[in-house]
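Only one chain comes next, encoded as structure tokens, the form predicted alone.
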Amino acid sequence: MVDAARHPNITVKSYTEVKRVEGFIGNFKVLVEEKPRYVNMDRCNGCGACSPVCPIEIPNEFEEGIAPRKAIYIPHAQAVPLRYVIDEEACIHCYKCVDACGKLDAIDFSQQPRQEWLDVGSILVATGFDNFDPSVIKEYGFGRYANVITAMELERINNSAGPTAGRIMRPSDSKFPNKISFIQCVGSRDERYNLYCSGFCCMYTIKNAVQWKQTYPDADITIFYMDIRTPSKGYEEFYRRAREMGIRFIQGRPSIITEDPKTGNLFIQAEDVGLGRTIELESEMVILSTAAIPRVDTDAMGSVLNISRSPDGFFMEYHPKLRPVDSPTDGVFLCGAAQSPKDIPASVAQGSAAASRAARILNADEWEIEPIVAMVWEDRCISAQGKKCGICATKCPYGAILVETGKAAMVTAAKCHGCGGCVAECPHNAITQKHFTDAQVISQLHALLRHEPEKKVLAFMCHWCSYGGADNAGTSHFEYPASQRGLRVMCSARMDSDFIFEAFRLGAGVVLVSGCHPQDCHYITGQRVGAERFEKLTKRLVDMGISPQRFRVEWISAAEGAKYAQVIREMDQTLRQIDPQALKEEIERTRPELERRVRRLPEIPDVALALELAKATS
């Protein structure tokens, strides 16, 4: 932290919050607000003369509330910058700190919040995590029993610079506890609270137990666990070392903790999976290894930065394998526990990776983007006519579309990734996607279904996954019928209902729409947008009289060539089992309704031209 503060190209803005972010990759504008310290940073030298004279004491957050702090304080001894700040809510304005400061005259109660706009090329999000509050788990008695503490509280007690100067003692009577127990997975791997594993709790618990055992060899230490997870370099060896030292490991989640009111000792009831029976263990102190949870302000920060969150509440990365430090917003990168719970080595590695990714942008004079961006026809957008809509903006996972009543929707090209979800969802055909326009897709449909369409298996494929799956099937020599005709778009979100209606209107035998699995979508929420549309579309097609076996939805990854080939074989077999005459009658019977559904397509100028060309060449 000191090196960062001293670096000539690094400006540390402490006690400052990000309020607003505008712009795009390479050209962000960030509004930050510096909160008033009521201490002049230039005049304060961190001498500490002010704090001892302050009469107010409140719980110290850094010490987990075990020790007090004054209303004028520094967060901890290694804080950077080492300057004092006044807690306005706790301060009683006795001005004793002003007198103690003397000639330095660093106390300034006239300070107000100060806002500033910053021009930045890239943004790194390293907001860390919060600790789960175990008081909600009533059976463990945290907050009721003084001798039930969290692992973070133990860290502060065990620290030589902590509130007890490193002396281990029970909170209830300040006596040394010789018989202690650790409980794992408090708030994690629990359907009531958090399903995920925090990842590093096993190791920091074992670390604390080993450290305790090394200092006090006669200590009786027990660790209750569900599963011990030691996946990194040297971790399994460390776990074995702990067992060899005599630390007891019991597999089983404790069901309840009770207290002896006279001695303050605790009784832990748990199932010992190894013994296959319920046990009760007496302990003088219990340490809860709590889950890592998203920061309390993660939702607000996500809204400011336009970053979506995964179901566990942490910020969502662009792709968990291929781009793990990139956020969905280009130029914004994630590192550390902001993206998911991580230990120190993983946080350092991801921090270095995020810095490297950001440096690519800062070292480039220009940044190239894909040309497949969305574009608005202003005369068609009903927002320009003063009517409320904004459907396109709600379907864009990148915040690339701005909608204001009285103005046409505006697409920021630098933010658009070209999924096409906004194009397919617009009820007025006011948006198109360059290089994947409605006209281009409709032209392909007419070409693919020009001859004997009732014998064809028409497959809509997303560029990143199902199209890759089809390619994989070919290179791997997985055979599938020649009746298949493929049509590629960038994402399943781009597969407009009108395309499927037009395919059936032209007489396609069976139609497949395919795309990524939900967790693999290249466009974050594109697959979900497409899946919602296809679910509704399936019911509409049946209501129109189209046999349900003629329409199929499948999610196929780029590695699933065998699955793609199997799906095509099954659909071809289904098509062969349909009576040809019955199929022709169904096509003719449903065509009028399908024409009514797609009648708006010729209203789009380039689609009208495409249809004329298709008709002229057929």
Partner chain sequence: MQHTDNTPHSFKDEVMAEPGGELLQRCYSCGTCVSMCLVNQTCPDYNPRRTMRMVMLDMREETFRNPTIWHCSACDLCHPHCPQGIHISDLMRAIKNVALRAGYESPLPSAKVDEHKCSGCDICEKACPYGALSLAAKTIDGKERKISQVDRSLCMACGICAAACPLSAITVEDYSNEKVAAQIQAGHWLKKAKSGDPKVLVFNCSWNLRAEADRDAMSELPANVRVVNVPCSGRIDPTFVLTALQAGVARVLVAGCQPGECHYKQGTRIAQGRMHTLNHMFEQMGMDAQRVQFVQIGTEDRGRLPATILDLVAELKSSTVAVA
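Note that this is a predicted model, so its numbers are computed, not measured. Residue numbers count along the first chain shown, from 1.
The following text describes the form predicted in complex with the partner chain, which does not appear among the structures shown.
Of the candidate stretches 377 to 385, 538 to 546, 84 to 92, 264 to 272, only 264 to 272 contains residues with a heavy atom within 4.5 Å of the partner chain in the predicted complex. By the criterion of a heavy atom within 4.5 Å, residue 159 is excluded from the residues contacting the partner chain in the predicted complex.
The partner chain is not shown here, and in the predicted complex it never comes within 4.5 Å of any heavy atom of residue 406. Proximity of residue 447 to the partner chain in the predicted complex falls outside the 4.5 Å heavy atom cutoff.
Within this chain, residue 258 lines the site of the partner chain in the predicted complex, having a heavy atom no more than 4.5 Å away. Of the candidates 104, 304, 136, 226, 226 is the one whose heavy atoms come within 4.5 Å of the partner chain in the predicted complex; the others do not.
For the residues 76, 485, 253, 96, the 4.5 Å heavy atom test against the partner chain in the predicted complex is passed only by 253. Although the partner chain is not shown here, in the predicted complex the stretch 178 to 209 places heavy atoms of 189, 190, 191, 192 within 4.5 Å of it, in sequence order.
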